[in-house]
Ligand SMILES: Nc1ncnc2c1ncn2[C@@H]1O[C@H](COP(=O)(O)OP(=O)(O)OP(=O)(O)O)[C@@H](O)[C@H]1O
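As structure tokens, one chain now follows by itself in the form predicted alone.
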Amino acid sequence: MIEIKNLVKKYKTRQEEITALNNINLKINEGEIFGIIGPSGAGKSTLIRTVNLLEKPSSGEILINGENITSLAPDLLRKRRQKIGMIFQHFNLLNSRTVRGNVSFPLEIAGVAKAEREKRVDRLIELVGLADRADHYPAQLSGGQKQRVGIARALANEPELLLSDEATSSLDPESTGSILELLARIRDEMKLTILLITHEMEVIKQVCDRVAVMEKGRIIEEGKVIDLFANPRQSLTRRFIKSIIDFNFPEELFKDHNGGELIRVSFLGKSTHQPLISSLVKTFELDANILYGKIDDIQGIPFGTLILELEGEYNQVLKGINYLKGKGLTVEVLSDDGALDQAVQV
């Protein structure tokens, strides 16, 4: 659906040249909700605005369904943009128009006949749950309702691709949840591809299929959402995950345990139903004391962690850890001296 190749965007000031996007390469599959997350200044908004060429890249290519839009003539680009809807953080509604008038506006610009325009507007207003607010003005709507108008307007020209630029960052948690549910339903019903940027990991967790993590204009990590939660490689990714799933445990546990080896075991999916700890104890003649545990849910997949204290012979503890890793679990040694952790890595 979307292929971004070697994308670079630079801005020149009087003092310096700023690289906002630094050699971005990305593929977004048809029909998926792809999230891009990063801190402020990471380049997220610049990236999403280059996808419909609201920002012209300094170099590189953007292909949509195999067509390089960076090389299109202005008139062809305008037609291509009609098939790319965009939702904005601050709604960008026309205060002088009703809900119906705001949704109708892009169709008027596109020259859609009145009968077809009215039919399409009514259908979209119903889709986003605002049929009873069709004749209200933006000042009469809540933040969540305004964003629903923005979504309906973005869908007016029946796009193939929907871009969401921090669409939920100004909403309360309840409204955020309902908007994300709406986006997921729209994706399924309209067979859309959605590119979504955010600085909130909860948004990624709730609705995205895959995610890319951005920092300082680069993509530093990419993959399926569940895989990044289970095994984040970059410290920034771990910090984002920690913002919603904090698997840290009280420091007192380091002081109060019996002197065995402390390990953190992360698991997901089917492994949550397997008696692996019981097998570990029996097979390697170890005592396993569960000090802490937590389970979360990521898009219907159980994901959790256990802090275990393993007591037994050193070699048996080492074999036990490798046994758990061989079963597909992520194991982190928390021992202070790091000797066991080094041995496990060998």
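Computed from a prediction, not measured in an experiment: that's the story for all the values here. The numbering used is simple: start at 1 and walk along the sequence shown.
In what follows, reference is made to the form predicted in complex with the ligand, a form of this protein that is not presented.
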The chain here is shown without the ligand. Which stretch in 313-321, 36-44, 23-31, 60-68 comes within 4.5 angstroms of it in the predicted complex, by heavy atom distance?
36-44
Hey, in the predicted complex, does Glu166 get a heavy atom within 4.5 angstroms of the ligand?
yes
Could you tell me if Gln15 has a non-hydrogen atom within 4.5 Å of the ligand in the predicted complex?
no
